[in-house]
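Just the one chain here, the form predicted on its own, laid out as structure tokens.
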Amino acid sequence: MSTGSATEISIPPVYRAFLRDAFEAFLAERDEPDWLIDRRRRAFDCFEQSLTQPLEPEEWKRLDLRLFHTLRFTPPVRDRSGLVTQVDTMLATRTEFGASVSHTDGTAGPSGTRELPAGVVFCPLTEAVRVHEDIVREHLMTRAVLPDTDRFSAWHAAFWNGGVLLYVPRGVVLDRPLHSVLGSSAADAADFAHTLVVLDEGASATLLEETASLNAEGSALHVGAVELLVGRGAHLRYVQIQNWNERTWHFAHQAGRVEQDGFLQWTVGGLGARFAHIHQTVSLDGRGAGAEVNGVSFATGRRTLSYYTQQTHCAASTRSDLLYKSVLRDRSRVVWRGMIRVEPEAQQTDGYQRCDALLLSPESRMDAIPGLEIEADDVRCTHGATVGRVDDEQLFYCMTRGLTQHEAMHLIVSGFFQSVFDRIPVTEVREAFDDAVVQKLGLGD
């Protein structure tokens, strides 16, 4: 991608708070190795150039960004370790974690770390750059989320300012789940948190990650990334519950890569944000690799939640299974665009995707667009999508059995989500989602 200064190209005014001067000021505050600074500069060149190019139509044409203005958001500031308080989240008090890491606005906060097996690394990403440089240098945005994918991946690669690294060496099995919290506190602040998970051959781990807004009324911008690298024969369970406040703009690139006989179970929960768009890809790179992707969304008010998913089969005898369920209330909107892609060498592939939506109001809207791109001839790939309203007769039947309307609606909505909940092996996560359903049904926003 060619480069150029801000004066040589036409920059949309919405991004002017993050151009060359702001980027140089951001770099000046950071103490990072030369290789990382060089990568950031190349990513910024990509970002700057991408602003002259339109966003990919198929991914963005159903989304309205006219209200997205970054001029009120400030770029990330210098690390303020020690000034961050504990973040209360949906999972914090539900279980005993093997270890926990938190950060707010890119700044490392209180963490609780038990004695982990030898070789396991679970720490803030800013610390890992200095202490575990070899791991970060090899894996950070080199295989999964690539800086030159689009303007949001490049923007993140240039400005990322915090996050977490989980590295599990060969053959190590972590029995207890680990917990990560991404917090936002400052009003009108931008955060670029990054999650990097690397499992070596035969390793196994569970990571539960949450986002939380400490300031319920403050506006915020989050441009994040998640990279899940699952080695040969390794098993990873990863859960991310997105629960930003209703004034947060959330954009994220999330990618998983699974090697031979590896397995990734990935659960996404969309519960908050003013506007959220997730670009999620899973690549099955080795024979026998598998992935199960679960999605739970509950949109209220005027929120927009968007998911652009792709399951890519790159090797023979691979399997992917995606199930998304969304409930919409008020004037909210959910958009899901899914694609299963099968490469020519990926014979005997088994791919499945399904997205269902339940509308609780006539003003809510769901766009569900499944798709297939198949270049092999010995495969089984299927997809489907449904959108429907709550059956008034079903609601009435429940109420004739002594339930209040609120209790009956909770029963119906929980039953709608149950097929996804049954796929989540962590009891505390299922309970947290069910509590969120109760809260969302009682909100009046």
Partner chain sequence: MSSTLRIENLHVAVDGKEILKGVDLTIRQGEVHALMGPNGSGKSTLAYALVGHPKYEVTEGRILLDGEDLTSLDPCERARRGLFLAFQYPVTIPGVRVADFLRHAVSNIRNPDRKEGEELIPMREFRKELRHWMQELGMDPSFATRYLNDGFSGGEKKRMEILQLAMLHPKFAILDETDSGLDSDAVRVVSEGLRKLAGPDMGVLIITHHERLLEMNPPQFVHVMLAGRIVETGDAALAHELHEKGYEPVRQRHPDIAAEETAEQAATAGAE
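Predicted model, so just to flag it, every value in this text is computed and none were measured. Residue numbers count along the first chain shown, from 1.
Beyond the structure shown, there is the form predicted together with its partner chain, which is absent from this document and is the topic of what follows.
In terms of contact with its partner chain in the predicted complex, the residue from 398, 381, 51, 385 that brings a heavy atom within 4.5 Å is 398. The single contact residue among 30, 62, 406, 69, judged by any heavy atom lying within 4.5 Å of its partner chain in the predicted complex, is 406. In the predicted complex, residue 402 approaches its partner chain with a heavy atom inside 4.5 Å.
Using a 4.5 angstroms threshold between heavy atoms, residue 410 counts as touching its partner chain in the predicted complex. In the predicted complex, residue 377 stays away from its partner chain, with no heavy atom inside 4.5 Å.
The closest heavy atom approach of residue 393 to its partner chain in the predicted complex falls within 4.5 Å.
Exactly one of the stretches 413-421, 53-61, 40-48, 22-30 approaches its partner chain in the predicted complex with heavy atoms within 4.5 Å, and it is 413-421.
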